[in-house]
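So this first bit is one chain, no partners, the form predicted alone, shown in C-alpha cells.
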Amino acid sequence: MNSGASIPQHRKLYEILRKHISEGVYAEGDLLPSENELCRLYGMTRPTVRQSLAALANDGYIRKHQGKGSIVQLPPMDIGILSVSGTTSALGNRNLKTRIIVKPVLKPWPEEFMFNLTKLERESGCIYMERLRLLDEAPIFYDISYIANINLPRITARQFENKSLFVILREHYQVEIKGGEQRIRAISPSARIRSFLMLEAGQPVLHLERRIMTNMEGLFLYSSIFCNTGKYSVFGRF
C-alpha cells in the first residue's frame, strides 16, 4: 500500500525538493527552478509540478512571489522536533543515535493520560514506543511516544532504530507535522529514568509533555520526554 511504486508523482517531486531545501541545496531566499525547468528536469507535467509546489508552500518550505517564482524560506518542519546543542564539536559531528527501549506496539491508552483524548482516539488505541536518544554515545533524552492508531497500517512492523519517527511518518504515510503544544517542568526522575540517562541521585531532569498536530484528520502524536541537561542544552521551535 505504501511502497515507493504507489507514491504519486507530485509527492515524489515534493520529497525531492523538500530534501534539497532541508539539506541546504536551496538556501533561504533562493529561487527554485521555474515550473518549466522542473517539468523538463523531472519529466513531469505542469499540473503535477504545480501540485508539488502548492504542497511545499502549504507546508512552509516556499512562498510564491508574483513575477519571481517560488522563493525558499525557513520551513516550520522542525516544530516539535527536540534537537540537541552543546559544544561546537558535538554540533559538527551530529552523532545522534536512537536506541529502541520498547518496540512499537498497539495497546490501549493509559486510563490517566497527560492530554485529553477524543472518542476516536480512545476507541482506536495507540502505538506505544520507548526510545533513548544518545549524542556521542551519551544518553541525552528518553522519549515515550503515543501515536493515535489512525490510518497507519503496519507501522509497528517498521524499523525505528536510528531513524526519525517524523521522517517515517512523512515518507510512508504522507503525514506532516503542523504544530503543537507542550508543557515543560523540572522533576525528580524515577530510578528507571536515572538509569537510562545515567544521572546522579538527586539530579533533576527536564520533563516535556507534547501534543503534536498533523495534516491528517484526527491524527495526533503525544510524547513524554525526559531530558538530561547536565552537559547539553536542548532547544527546538514549537
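Start at 1 with the first residue shown and count on from there. Bear in mind the structure is a predicted one, so any value in this text is a computation, not a measurement. By rigid core we mean the largest C-alpha set that fits within 1.5 Å across both forms.
Beyond the structure shown, there is the form predicted together with the DNA, which is absent from this document and is the topic of what follows.
Visitor: Of the residues Leu169, Ile212, Met44, Leu56, which one places a heavy atom within 4.5 Å of the DNA in the model of the complex?
Guide: Selected residue: Met44.
Visitor: Can you work out which of Pro204, Gly179, Gly69, Gly60 has a heavy atom no more than 4.5 Å from the DNA in the model of the complex?
Guide: So the residue touching the DNA in the model of the complex, by this definition, is Gly69.
Visitor: Can Ser224 be called a contact residue for the DNA in the model of the complex at 4.5 Å between heavy atoms?
Guide: Looking in the model of the complex, residue contacts with the DNA do not include Ser224, since no heavy atom lies within 4.5 Å.
Visitor: With the partner left out here, check for me: in the model of the complex, does some heavy atom of Arg183 sit within 4.5 Å of the DNA?
Guide: Contact check for Arg183: no, nothing within 4.5 Å of the DNA in the model of the complex.
Visitor: Answer for Ser22 alone: is it within 4.5 Å of the DNA in the model of the complex, judged on heavy atom distances?
Guide: Judged by the heavy-atom cut-off of 4.5 Å, Ser22 is well away from the DNA in the model of the complex.
Visitor: Would you check, heavy atoms only and a 4.5 Å threshold, whether Arg18 touches the DNA in the model of the complex?
Guide: No, Arg18 is distant from the partner.
Visitor: Among 204-212, 185-193, 36-44, 170-178, which stretch has residues whose heavy atoms lie within 4.5 Å of the DNA in the model of the complex?
Guide: Answer to the contact question: 36-44.
Visitor: Would you say Leu13 moves its Cα by 2 Å or more between the shown form and the other one, aligning on the core?
Guide: Yes, because once the rigid core is superposed, the C-alpha of Leu13 moves 2 Å or more between the shown form and the other one.
Visitor: Establish whether a shift of 2 Å or more occurs at the C-alpha of Ser34 between the shown form and the other one, with the two forms superposed on the rigid core.
Guide: Comparing forms between the shown form and the other one, the Ser34 CA shifts at least 2 Å.
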